[in-house]
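Here we start with a single chain on its own, the form predicted on its own, put down as structure tokens.
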Amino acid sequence: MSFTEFRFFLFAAIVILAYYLLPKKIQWLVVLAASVIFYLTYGWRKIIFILLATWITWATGAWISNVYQKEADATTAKKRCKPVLLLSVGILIALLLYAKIGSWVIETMTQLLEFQQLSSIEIIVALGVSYYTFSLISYLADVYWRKDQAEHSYFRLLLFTIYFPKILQGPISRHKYLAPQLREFHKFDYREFCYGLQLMIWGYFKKMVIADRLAVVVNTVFGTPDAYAGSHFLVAACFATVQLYCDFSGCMDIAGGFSQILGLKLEANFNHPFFSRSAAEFWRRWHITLGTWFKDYVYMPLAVSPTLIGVSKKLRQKFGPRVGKSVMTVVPLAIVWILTGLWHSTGWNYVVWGLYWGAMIICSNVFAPEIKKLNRLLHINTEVGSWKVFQMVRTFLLFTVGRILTVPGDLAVSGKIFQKLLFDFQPAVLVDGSLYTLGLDRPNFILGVLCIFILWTASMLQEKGSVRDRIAGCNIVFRWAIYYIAFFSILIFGMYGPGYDAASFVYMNF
């Protein structure tokens, strides 16, 4: 059951009514039951993995907490807990790898060893496995570091893990942030209900009107790469960038809006990333919870590890302070970005994608003094508005290049596309009407471009303050006119109907 299916609307209405009409002390049970039912709509076998992963995490967290309570010396307790922590995290990662590379391993073994019997083995991929695995690992690490309290109830931890608005595409929630909210009683709040509904409508507009419309062009052009010129791929790649943003952030808005109706607040996962002026800033604004997870649980532990500090000191003595300092940044960043690429997929295209972003961020970090000197040498005023606009456009194009690496799913195809962009651009097709033959007719293509402009305008307003607060301050006639326009624009211009599948979200595959 996806957020774009009609049965989800019925399901959501029933959940909201039960949540507020039944006794408040069982609100968490209502959400838990709803989450289990939602998960079961994707198949009963998938739920076994999340139940098992949650039980392993719950038992480990409870054991670590018990050791800390009984052991007088904190250092001794930590040493006792570390092997158990590593074992549990290893099991969780093994379950994640089973889902991520199980099919690839079986296919490879079948081809290399000619074990045809293996080809009949079915790999069951649990829904949201990447998201809930990372959430559970962060929970265990926080309990081990004594930054969070262990959950004594297995079912309370299960609710945190399986909470259905976030299970499809995240965010990667932290237990210490979301779990306390799930324990509290929540009264119906009309203001929060309206704000949540507005956010959901905006999410559906981004997903069904913009993302699914642009996806038609993206799938058409990238689906038959030999049939199109470089200019076609430029348009399709730019559309692919906006499509991914609207698809992913649209899902976040739907999940966040529904949670707000229930009186809950999910972590922010996007902050208008295409207003970023650098690659590093972009990844502080895009998929925020993934970035902060890698920072807290991979980057920082590596950066302060005695081994890396020792290597840095030796290099500092031999090659100077700058080299020693750079190692402290380069090594953790390189590992983080390789893992980030593998988190998305195990294909070589995502490994290269991770190295692509990692190299940019590392170079901008290491060579920051040289970049400043170059700007002064070229007399570039980095404070004027035109330079800031240039930086934003540059960030957008850098992300678009990354999309060319990942959308085709094959590095060889990506290479051909780059060749066409460089040597077979054919700019005339941008104005001869052939853009209207890429899956969308002229009215739908123009509507897609117009919607991108609406998205940009709304994002500019959001950067200056809450748009929902501004709408709430309007008189009732104007306010409800906005609601009706937004709602009917989705009904009229949304991409759905016979022969069209708007059920899946891009990041459901991760």
Partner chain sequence: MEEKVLKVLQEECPEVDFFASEELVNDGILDSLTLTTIIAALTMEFGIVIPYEEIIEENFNSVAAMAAMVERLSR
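Residue numbers count along the first chain shown, from 1. Not measured: the values here are computed from a predicted model.
This protein has a second form, the form predicted together with its partner chain, left out of what is shown; the following refers to that one.
Q: Flag residue 403 as yes or no: does it have a non-hydrogen atom within 4.5 angstroms of any non-hydrogen atom of its partner chain in the predicted complex?
A: Output for residue 403 is no: heavy atoms all beyond 4.5 Å of its partner chain.
Q: Tell me, yes or no, whether residue 325 is in contact with its partner chain in the predicted complex, where a contact means a heavy atom of each within 4.5 Å.
A: So residue 325 counts as contacting its partner chain.
Q) Within a 4.5 Å heavy atom cut-off, is residue 296 in contact with its partner chain in the predicted complex? A) Residue 296: yes, in contact with its partner chain in the predicted complex.
Q.
How about residue 329 - does it come within 4.5 Å of its partner chain in the predicted complex, if we only consider non-hydrogen atoms?
A. Yes - in the predicted complex, heavy atoms of residue 329 and its partner chain come within 4.5 Å of each other.
Q. Just one of 228-236, 422-430, 308-316, 123-131 has heavy atoms within 4.5 Å of its partner chain in the predicted complex; which?
A. It is the stretch 308-316.
Q) Quick one: of 416, 272, 394, 147, which gets a non-hydrogen atom within 4.5 angstroms of its partner chain in the predicted complex? A) Comparing distances to its partner chain in the predicted complex, the residue within 4.5 Å is 147.
Q: Select from the listed residues 223, 301, 102, 409 the one whose heavy atoms reach within 4.5 Å of its partner chain in the predicted complex.
A: Exactly one residue meets the criterion: 301.
Q. Can you name the residues of 60-92 that have a heavy atom within 4.5 Å of its partner chain in the predicted complex?
A. Just 78.
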